[in-house]
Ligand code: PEP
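Just one chain follows, in the form predicted alone, and it is written as structure tokens.
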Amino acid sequence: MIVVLKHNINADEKAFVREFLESRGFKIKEIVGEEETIFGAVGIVGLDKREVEVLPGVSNVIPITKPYKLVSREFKKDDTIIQVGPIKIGGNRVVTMAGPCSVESREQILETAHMVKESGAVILRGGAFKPRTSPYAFQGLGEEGLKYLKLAGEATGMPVITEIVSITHGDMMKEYVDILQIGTRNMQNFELLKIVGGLGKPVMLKRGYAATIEEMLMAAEYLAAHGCDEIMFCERGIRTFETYTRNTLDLSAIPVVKKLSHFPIIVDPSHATGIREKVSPMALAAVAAGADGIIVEVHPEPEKALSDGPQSLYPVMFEKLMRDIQALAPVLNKEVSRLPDKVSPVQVLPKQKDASVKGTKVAFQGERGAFSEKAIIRYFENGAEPVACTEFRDVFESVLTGKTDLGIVPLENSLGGSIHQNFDLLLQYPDIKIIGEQKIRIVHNLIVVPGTQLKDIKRVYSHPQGLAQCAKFLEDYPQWHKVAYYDTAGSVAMIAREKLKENAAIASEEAAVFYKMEILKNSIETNAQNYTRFAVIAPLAVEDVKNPQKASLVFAILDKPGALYHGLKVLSENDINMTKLESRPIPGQPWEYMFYVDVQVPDDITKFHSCMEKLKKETDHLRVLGMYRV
């Protein structure tokens, strides 16, 4: 059962409730939320829930109907996010685990580790103890293989995963690996599950080749009941009458498991198909079906592999698979997990513009001299190092992978409205948050090669918004050909390279100075009230802003009459002032929308957190994109 405790419960009352339940034979799992605390009480004893509801400090008691308790969605509504080193598993992420079936030598695992990391893998797999059908097949290098695996992981900055096959190996293996794997043959080895559950390590539980989904969930319950709260399911194919593949990959298990359990699910297309040509298509299908990640076998020379060579990908095949996943993920509003460039711990960076430090690298979209760079200079009063990126997505990737410390992206323009791509990217990158805001006035200038006169100009280049915002000025020169360019500052860089007097650009004064061009006309924008609001973005690992004034939220509404009204009513009833509301269609779900909301954060921040807990109950997929000062 789930015992919801009152907000004002004191320590003595909480201890009394715990002692009461434990005295009745229940095991207690405490989950502390920002707004409420619950006890998950698990046991085989029968107890009238009214006996618990009357206890001091108890708000509500909810029975769990599923036979699997701790792993069920009833026990925990939100997805469990598992942190393994620098990598998060679960949520809107796609994690790739890759490596050889077996650790064959020190050189082989090191070569493979560097290769798969270069292509985009973030967790290294490799077998040290190999349960094989034939007693004469290669059984692995044992502890020696674990040492090589750990060495390869440390050399590349990747966490490592390997299979545990014996109850006697627990203490030894936990010293070498980051994730323990329960193989398909041991899914119902309950004594092993009990031991592994108590080792304090994340566990990936592979589905047995003849196991039902409920049997897999019940096996996970053994792990959870013995202390493990970081479990990954793994769908690796089941045995059917079909003989053209090694197993039959049950992709329908992905949405089923995600509905029944809060833990993430990984897919193993290598063991499911047993044929390397089938691995990549099924890996992509798994991602499309909602898998939180894939685990694939890769070998430098599969034809020489000591185990599972026919299903191991060649390096070039794995590289193409990673590129395909990178292309597919945005369609699904998902982020492909990346290792940070720096293996060292994340630096704690400045949270406010009055506390900025020199040397902080900040990514922006565009060329040097762009309005985004101007926003960086304004925000970081003590200096920062701007780093130019081609696309907005590149800014997010740069921050996510640690190439830069922070990023800055435009969110809305007072004339042109919201930059929807960046709102969508904030949703797609759950490991990125907003930590600051900067508004700047957009002043457009007609920029030319030095010595150019108006009569020389034949073409004007700028971003489409730049051209649109200077429409009235351009009307006076109908003979000029207006050419859309990907970036305002980039258009200045282009005319600087071409050095043709017939070319002009519309951009900032800073761009003209940077590229040593001449401003022929100042302030040519149609409306002087032209401002753009920029968001400073950072990794989640950066500490929260102290005393935030503003927060940005995103949520979907429940499928019921008045759903949006009831959600906004929560804000009103809790005295949270809303300053922006905008809807965006949910990709792949016609006529369904996400809502982006900006609110003012009250001085008493606990009121904000309390409001968010209440808003969760009236909305779907609520996420705070960031809390920051303005």
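Everything numeric in this text was worked out from a predicted model, so none of it was measured. We number the residues from 1 along the sequence you see.
The protein also exists as the form predicted together with this ligand; that form is not presented, and the subsequent description refers to it.
By the criterion of a heavy atom within 4.5 Å, His271 is counted among the residues contacting this ligand in the predicted bound form.
Although the partner is absent from this view, Glu367 stays clear of this ligand in the predicted bound form, with no non-hydrogen atom inside 4.5 angstroms. This ligand in the predicted bound form comes within 4.5 Å of a heavy atom belonging to Thr184. Heavy atoms of His299 never reach within 4.5 Å of this ligand in the predicted bound form, leaving it off the interface. None of 465 to 473, 486 to 494, 175 to 183, 396 to 404 except one has non-hydrogen atoms within 4.5 angstroms of this ligand in the predicted bound form; the exception is 175 to 183. Screening Arg93, Arg276, Arg236, Lys433 for any heavy atom within 4.5 Å of this ligand in the predicted bound form leaves a single hit, Arg236. Lys206 is the sole member of Lys334, His444, Lys374, Lys206 with a non-hydrogen atom within 4.5 Å of this ligand in the predicted bound form. The partner is not shown here, but in the predicted bound form the stretch 147 to 177 reaches within 4.5 angstroms of this ligand through a heavy atom at Glu163 alone.
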